[in-house]
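Before any questions on binding or motion, here is one chain by itself as structure tokens, the form predicted on its own.
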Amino acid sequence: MIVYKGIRKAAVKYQQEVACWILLMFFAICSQPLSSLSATPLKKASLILLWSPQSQFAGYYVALEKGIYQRHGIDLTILKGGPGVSPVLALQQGDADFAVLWLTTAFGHRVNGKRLVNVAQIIQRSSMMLISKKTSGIRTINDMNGKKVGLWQGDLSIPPHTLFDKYGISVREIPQSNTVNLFLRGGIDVTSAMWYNEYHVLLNSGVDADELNTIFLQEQGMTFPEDGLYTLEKTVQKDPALVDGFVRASLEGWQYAFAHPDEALDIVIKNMRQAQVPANRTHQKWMLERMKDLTVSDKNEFGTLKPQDYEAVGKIMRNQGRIKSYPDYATFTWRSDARK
């Protein structure tokens, strides 16, 4: 009997030790990050922007901050752009997997042999403006003939140049920096501006909207879609799942940003400060609201480069002699199921 009790006592102790060991293993597993338990490791990828952090790119920063890219299997790094940085070159050299580009830029590089593919179109219509002071007497495009007009250099000058060609006028082109100071000081008669950015800067500088004459290029027939998401054709062929996940996460990030603007602004401003970029919340709020206007005018076309816009830009650039030809829509675009 004594031997039996000893064996029973030892068995109970063994069971308790096993139970304790199992419990400890359970807690150890539960304490691990979900990413470490995933059977599939995250794919590293990078996105290069057109400029420094600001609400123009809120959707990407939000998707990164909220873990949306991770949820779609991507460990994303966001690279800032700006003066002296070429997103297309970054793609070509393998320094970035995705880039934010204007359609006019992508067209020019595509016909020169760089196999760019549009995987999503964020801004659906042009937000570019030409602004003059009413005191200048400039109220129409024809009134700009012979006047000093501030134009950004490179591909950003294509839309206004196309507009001037359409009206058959010649302006005195003045290179414009990333500020509107020259216009405010009277150094130029007309300034280029983006609705979501420089126009609001002018208003914040103390100029009343009633003092300005504004011409939207979109309203003049210059339907030039701006910010789109691009990658190289070889990236789509090599890893379509990566491209699909990137598009899904990016569009989801924009939807979240528009639905939660205060949180989105917090995230944008945090990134601006980390990049040592001056952050004005009122201006960033205006920019985010205008991005919503430009991006989701039709929710059924959210993220899609419309065939009619593609053809319109292609024909304009070809007729103006800026490109000799342009590829078929089907070969230039790649559509993800994320839009359904």
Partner chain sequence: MQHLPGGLMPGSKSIVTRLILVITLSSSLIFALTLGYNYYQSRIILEKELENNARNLAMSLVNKVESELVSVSKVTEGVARSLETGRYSEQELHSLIRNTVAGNAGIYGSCVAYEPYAFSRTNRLYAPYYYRENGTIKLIRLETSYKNLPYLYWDWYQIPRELGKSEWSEPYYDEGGGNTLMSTCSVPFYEEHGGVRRLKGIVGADITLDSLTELVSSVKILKTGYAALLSRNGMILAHPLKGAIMNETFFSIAESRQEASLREIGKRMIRGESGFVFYRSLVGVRSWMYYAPILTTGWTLAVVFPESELLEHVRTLSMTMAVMGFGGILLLTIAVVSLARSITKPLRSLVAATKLMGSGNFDVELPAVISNDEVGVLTNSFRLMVTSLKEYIKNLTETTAAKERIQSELKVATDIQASLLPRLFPAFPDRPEFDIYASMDPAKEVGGDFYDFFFIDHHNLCFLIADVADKGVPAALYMMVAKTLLKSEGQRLGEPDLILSYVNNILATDNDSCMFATVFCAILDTRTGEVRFANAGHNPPLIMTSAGIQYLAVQSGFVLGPIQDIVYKTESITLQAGDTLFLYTDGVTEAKNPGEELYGESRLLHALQCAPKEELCDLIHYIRSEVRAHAHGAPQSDDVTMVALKYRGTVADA
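Positions refer to the first chain, counted from 1. What you see is a predicted model; the values in this text were computed from it and never measured.
Missing here is the form predicted in complex with its partner chain; even so, the following discussion is about that form.
Although the partner is absent here, residue 95 sits far enough away that none of its heavy atoms falls within 4.5 Å of its partner chain in the model of the complex. In the model of the complex, at least one heavy atom of residue 148 sits within 4.5 Å of a heavy atom of its partner chain. Of the heavy atoms in residue 142, none are within 4.5 Å of its partner chain in the model of the complex. Proximity of residue 84 to its partner chain in the model of the complex: non-hydrogen atoms within 4.5 Å are present. Only one of 280, 46, 304, 70 comes within 4.5 Å of its partner chain in the model of the complex through a heavy atom, and that residue is 280. Of the residues 168, 175, 137, 221, just one reaches its partner chain in the model of the complex with a heavy atom at 4.5 Å or closer; this is 175. The putative spot formed by 91, 106 and 109 is not touched by its partner chain in the model of the complex; no residue has a non-hydrogen atom within 4.5 angstroms of it.
The partner is not drawn, yet in the model of the complex one stretch among 122-130, 227-235, 241-249, 205-213 has residues with heavy atoms inside 4.5 Å of its partner chain: 205-213. Using a 4.5 Å cut-off on any heavy atom, the residues of 181-197 that reach its partner chain in the model of the complex are, in sequence order, 181, 182, 184, 185, 186, 187.
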